[in-house]
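As structure tokens, one chain now follows by itself in the form predicted alone.
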Amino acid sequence: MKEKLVIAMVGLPARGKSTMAWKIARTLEYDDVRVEIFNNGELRRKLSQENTSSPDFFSPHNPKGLELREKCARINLGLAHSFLGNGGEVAIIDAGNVTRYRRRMIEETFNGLPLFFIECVNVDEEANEAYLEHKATLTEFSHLTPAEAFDSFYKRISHYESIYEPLHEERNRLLVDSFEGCILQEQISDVVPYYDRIRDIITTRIVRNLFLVRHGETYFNLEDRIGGDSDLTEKGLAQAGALAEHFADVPLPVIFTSNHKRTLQTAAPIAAKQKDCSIIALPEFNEIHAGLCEGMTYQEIRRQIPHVANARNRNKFGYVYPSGEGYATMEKRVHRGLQKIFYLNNYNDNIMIVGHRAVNRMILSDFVFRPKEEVPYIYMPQHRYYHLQIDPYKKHFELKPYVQKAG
């Protein structure tokens, strides 16, 4: 018989707790461990006849809100206890659990069972703000404008901050930077089943399905020009439409793009074919800026500034365009973009990035560990896309075609 374990998440709203809980649960399932997540927010939305997204509901001075949140906590703890008593092996309590009082309740409920707490923090303000903007698009805020939803969620966080007590006394605890995916502090006083496995899960990137798509054909592509912000051609728009048909039955809650028109124009019809999909443009995924060479053709560069063409040919990865960028200098920002999408992705199985040739090469190399000197030569066509799957047991990627559905 496998051992039992209770994991209780801790942290302010929008700090990646649910994403972390999902990541742990889904990966332990690969080890044939029976895991279930007990999310207080989901239960609250089921039990309440009202929309509980108002920040006042979360005020520590709101008796009605306190009563419902306390009720949800106790119900979920009871459900988790029953799950463990009926063959379950790992129960994850997914809630803020920001007070010592709430954590004592958890300790008392599972007295005698192995228990440890994972506190999620993120000090990257830009990532936090992007996460709040994304949360503001969720269904519970659909009655508000994006600005109102952002403000509402920020006020909710302020209420939690006013009563927040970080982990300190708990016998078994981890402090995790959920954006960087690293463990900041750990204190383990007891024998905790699956502990080594969970530490590996926390610090390892898990990718169920990543669809890496290059934008459709642009007018600059036809003229062999680099950079710029060109529109899609008719063929490019048709490619975007074919991608939309190809992925119509694949749930894509979010599509990540750059700020350039060609990626946004490619993503728009794909999102339109989805039931509920938002597009998030990240500047980290903007194409290499060619500086003085922006908008030039490669032939013009060879003819007008041959020293640039020659120097780049000698070291394509390390070369930096005059007043611009190169593969080496954009590596850090592309990696940061990947950190953002895994932080923003809300534990969905499917991720799509609609990017550019050079950027997508950098993204792919981050997963398949191509030597740097090979990165600028990775094949990145516009009529195919890369499908990547990465878990603790394997790394799989393939270049797949897409065709428009008949009829």
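Because the structure is a prediction, the values reported are computed rather than measured. One-based numbering along the sequence shown.
Beyond the structure shown, there is the form predicted in complex with a small molecule, which is absent from this document and is the topic of what follows.
*Asks:* I need to confirm a contact call. Of 35, 358, 338, 351, which residue comes within 4.5 Å of the small molecule in the predicted bound form, counting heavy atoms only?
*Replies:* In short, 358.
*Asks:* Can you pick out, from 273, 100, 81, 316, the residue that has a heavy atom within 4.5 Å of the small molecule in the predicted bound form?
*Replies:* Result of the distance check: 316.
*Asks:* Sort through 87 to 95, 286 to 294, 150 to 158, 203 to 211 and report the only stretch with a non-hydrogen atom within 4.5 Å of the small molecule in the predicted bound form.
*Replies:* It is the stretch 286 to 294.
*Asks:* Closest heavy atom of residue 221 to the small molecule in the predicted bound form, within 4.5 Å or not?
*Replies:* Residue 221: contacts the small molecule in the predicted bound form.
*Asks:* Within 4.5 Å, heavy atoms only: does residue 327 come near the small molecule in the predicted bound form?
*Replies:* Residue-level check for residue 327: yes, a contact with the small molecule.
*Asks:* Taking any heavy atom pair closer than or equal to 4.5 Å as contact, tell me whether residue 376 reaches the small molecule in the predicted bound form.
*Replies:* Answer yes; at least one heavy atom of residue 376 falls within 4.5 Å of the small molecule in the predicted bound form.
*Asks:* Residue-level contact is defined here as any heavy atom of the residue lying within 4.5 Å of the small molecule in the predicted bound form; does residue 226 satisfy this criterion?
*Replies:* Residue-level check for residue 226: yes, a contact with the small molecule.
*Asks:* Between the small molecule and 74, 173 and 195, in the predicted bound form, does every residue show a non-hydrogen atom at 4.5 Å or closer?
*Replies:* Answer is no for this spot.
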